[in-house]
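Below, in structure tokens: the form predicted alone, a single chain.
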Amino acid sequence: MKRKVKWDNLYLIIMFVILYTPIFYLIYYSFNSGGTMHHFQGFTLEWYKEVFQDTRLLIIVLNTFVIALLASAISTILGVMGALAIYYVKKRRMKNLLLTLNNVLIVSPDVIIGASFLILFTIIGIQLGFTSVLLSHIAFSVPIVVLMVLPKLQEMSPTLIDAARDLGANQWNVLTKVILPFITPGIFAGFFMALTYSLDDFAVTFFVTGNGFSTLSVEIYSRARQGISLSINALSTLLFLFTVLLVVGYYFISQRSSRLYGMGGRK
């Protein structure tokens, strides 16, 4: 048994090394004054200054975060409504059908989703740009939120709802004072997952973005095709640090929500 645990730990270490080595390599050379990713000549913050002095890039960063925040907020609302709808479906066959349709959107290749949205927006006359990117990000984020929220609903004991109704609570009170507080960790998980998916999505965004509008993933791709520039390393480093902050923030928020609900349940 001990030998098995050691092999498991070794496997995890190897996987983390494979995953994180390219990222730390990129971060390391973002401080290289030599301008290449081959020989580290000296420490500099020149590439970070270049990022913050690039007005066009700052506008793209703003566009990316506005899209991500709006898409994650709207998809969280729609995802919670969708999870509640699936949860309250009585027929098992219909519930499985809805879950299957939800999961198909997650496992479908991004290229197919992006091309489908491009065709749809072209047919109905939506101009490619902010609106098309926002709608597509909402669409692929909603199923993620549903998958985050639905397990919390299934963990909830029906006796909680029955007790609230016995005490005179109406349907709105049951939803706002019993169900939503219980599934709050799942809602936060869905929001942060949707936020990170929106921030780093490239394939779908590449299809639905138009002239004059871009996001960070598309911009980094277009700049990388023009040649190696350590400003890309600096920008990628900042994005990685922001993602780490999101993960840490989500962890503390979820822990706090669990403790608060646990205290409320004991009372």
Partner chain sequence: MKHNTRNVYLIPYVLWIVLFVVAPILLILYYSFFDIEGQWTIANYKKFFTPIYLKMTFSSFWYAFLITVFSLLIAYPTAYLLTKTKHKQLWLLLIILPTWVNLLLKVYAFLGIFGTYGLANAVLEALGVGTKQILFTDFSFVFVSVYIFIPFMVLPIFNALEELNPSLVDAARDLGASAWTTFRRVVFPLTIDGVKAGCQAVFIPALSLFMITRLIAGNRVITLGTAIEEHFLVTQDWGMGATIAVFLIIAMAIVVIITGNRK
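Just so we're clear, the structure is a prediction, and the values are computed from it rather than from any experiment. Positions refer to the first chain, counted from 1.
Below, we turn to the form predicted together with the partner chain, even though it does not appear here.
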query: Segment assignment from 53 to 61, 232 to 240, 40 to 48, 66 to 74: heavy atom within 4.5 Å of the partner chain in the predicted bound form; finding: 232 to 240
query: Proximity of R93 to the partner chain in the predicted bound form, heavy atoms at 4.5 Å; finding: no
query: F188, heavy atom within 4.5 angstroms of the partner chain in the predicted bound form; finding: no
query: Non-hydrogen atom contact I253 with the partner chain in the predicted bound form at 4.5 angstroms; finding: no
query: Exercise: A163 in contact with the partner chain in the predicted bound form, heavy atom 4.5 Å; finding: no
query: Residues within 4.5 Å of the partner chain in the predicted bound form, restricted to 191 to 221 and counted by heavy atom; finding: T196, L199, D200, F202, A203, F206, F207, S217, I220, Y221
